[in-house]
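The chain that follows stands alone, in the form predicted alone, written as structure tokens.
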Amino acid sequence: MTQARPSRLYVDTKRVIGQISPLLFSGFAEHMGRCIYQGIYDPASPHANENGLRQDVLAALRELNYRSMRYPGGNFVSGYRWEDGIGPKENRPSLRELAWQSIESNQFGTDEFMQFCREIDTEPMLAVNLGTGSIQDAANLVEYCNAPVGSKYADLRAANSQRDPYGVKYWCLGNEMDGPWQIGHLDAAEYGTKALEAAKLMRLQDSSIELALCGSSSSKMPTYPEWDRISLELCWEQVNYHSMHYYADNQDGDTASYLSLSAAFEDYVDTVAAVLRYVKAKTCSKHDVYLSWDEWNVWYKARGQSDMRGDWTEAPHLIEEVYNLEDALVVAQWLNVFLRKADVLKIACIAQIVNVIAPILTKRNDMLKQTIYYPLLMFSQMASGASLDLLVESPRYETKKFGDMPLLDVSAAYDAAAGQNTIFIVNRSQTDRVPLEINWQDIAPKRISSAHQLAGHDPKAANTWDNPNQLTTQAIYAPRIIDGKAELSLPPLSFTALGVEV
């Protein structure tokens, strides 16, 4: 292992990008595979509480502190009839679920999801079915969740043991409706028209709700970004957010390029943000729409057809990705991008939270925290306040896909009320330790109060059931700050999170 030439980082708390929305640290739970059944909800597990929710999973989710939770899909929602999942469980139908070719027992539905959200102290974010569902179905669900008793669906909620409204604030107008794979797929104009009418009807039920429009389901879609423009022009005044979906992969086995995927993430945000600016200008609107990256994660190892078909079984093992060190470093960079784009990006939901492309895997009697769990934990616990525009002087390296890239990928936050500056650093080098000098330009920080690091020598190393703690964040020596400067040495293939008391 060699040592790269020194790097310098300059921090100025007056150079603010935007306020960091807590909703950037949100999750996504879909009725797919073992996310809900045998993941969140498993009455047969010895870890289950009186509501059938796994207490070990709940504890891990509380630790990650998801601020909101998107549900129930995903592709699943485009064929889902929400009324099948409420009322006495013995009366709920078992159905053939077409999106993932599984059997859906409907034993976990809207009311169980609300109980789950209360257990982990998170805001629910509900998606409505704009595939096979009607705009009336969507409005009825808003009534069921948010209306006071005295009308049909609110009284139905009360009959199901919840008299007070749930008060669901965040709603998604369908899922990936640009995709030909989607049940009830529509083109951009058809979708925009249906989404507009659904939004108007839903707002008549509750004018305080905030709505997310379906954007392109990938930056590689042939209709991207024209889909985004058309749907936004139709719905601009009725929506608050525009969704983005992206799944990262290293199919080529090109680790150097894979560890520079933040370039692709930033380009995706910049392109859709430009569409937002264009549509606002074209419509002469004073209304703002922000971005909701409500599906994002690494997913490629378990992506064959057999990985996504349930063979008409209940809770099949689908896309249970095993995450390694390089995956965790990509996730850390993704979160860095969230902070660097905090002015326009306000919601982000990792897909998904348990078993299905998730930071947590379960067995009936056990639970495993994967490598990607740890950067999520650091950002969720530490990133608050304002995102900062940094000056980073870093050595560079060549990649096949993105050309010349810096070895260091960095973001920072400043929370004046908490007296805290946080810095997050990924060293992309597979071989070189990188010395770093941090310079605070406008403040005199007191000390680095916490320093944690995830690092390893093998980019393919992963946590396993036999060795569950092979790759976790470890406390490291916190360097002293002298004359507004601190020095540390970053090992190759590492993610470092610093908490600075100011």
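The structure displayed is predicted, hence computed values, not measured ones. The first residue of the shown sequence is 1; numbering continues from there.
What comes next is about the form predicted together with alpha-L-arabinofuranose, which does not appear here.
Proximity to alpha-L-arabinofuranose in the predicted bound form, defined as a heavy atom within 4.5 Å, singles out one entry of Ser387, Ser216, Gln352, Gln333, which is Gln352.
Screening Tyr397, Tyr166, Tyr247, Tyr153 for any heavy atom within 4.5 Å of alpha-L-arabinofuranose in the predicted bound form leaves a single hit, Tyr247. Contact check for Thr371: no non-hydrogen atom falls within 4.5 Å of alpha-L-arabinofuranose in the predicted bound form. Under a 4.5 angstroms non-hydrogen atom cutoff, alpha-L-arabinofuranose in the predicted bound form lacks Asn427 among its neighbouring residues. Heavy atoms of Tyr66 never reach within 4.5 Å of alpha-L-arabinofuranose in the predicted bound form, leaving it off the interface. Taking the partner from the other structure, alpha-L-arabinofuranose in the predicted bound form has a heavy atom within 4.5 Å of a heavy atom of Asn75. With the partner omitted here, the stretch from 269-277, 197-205, 251-259, 291-299 that lies within 4.5 Å of alpha-L-arabinofuranose by heavy atoms in the predicted bound form is 291-299. The partner is not shown here, but in the predicted bound form the stretch 18-56 reaches within 4.5 angstroms of alpha-L-arabinofuranose through a heavy atom at Phe28, Glu30, Met32.
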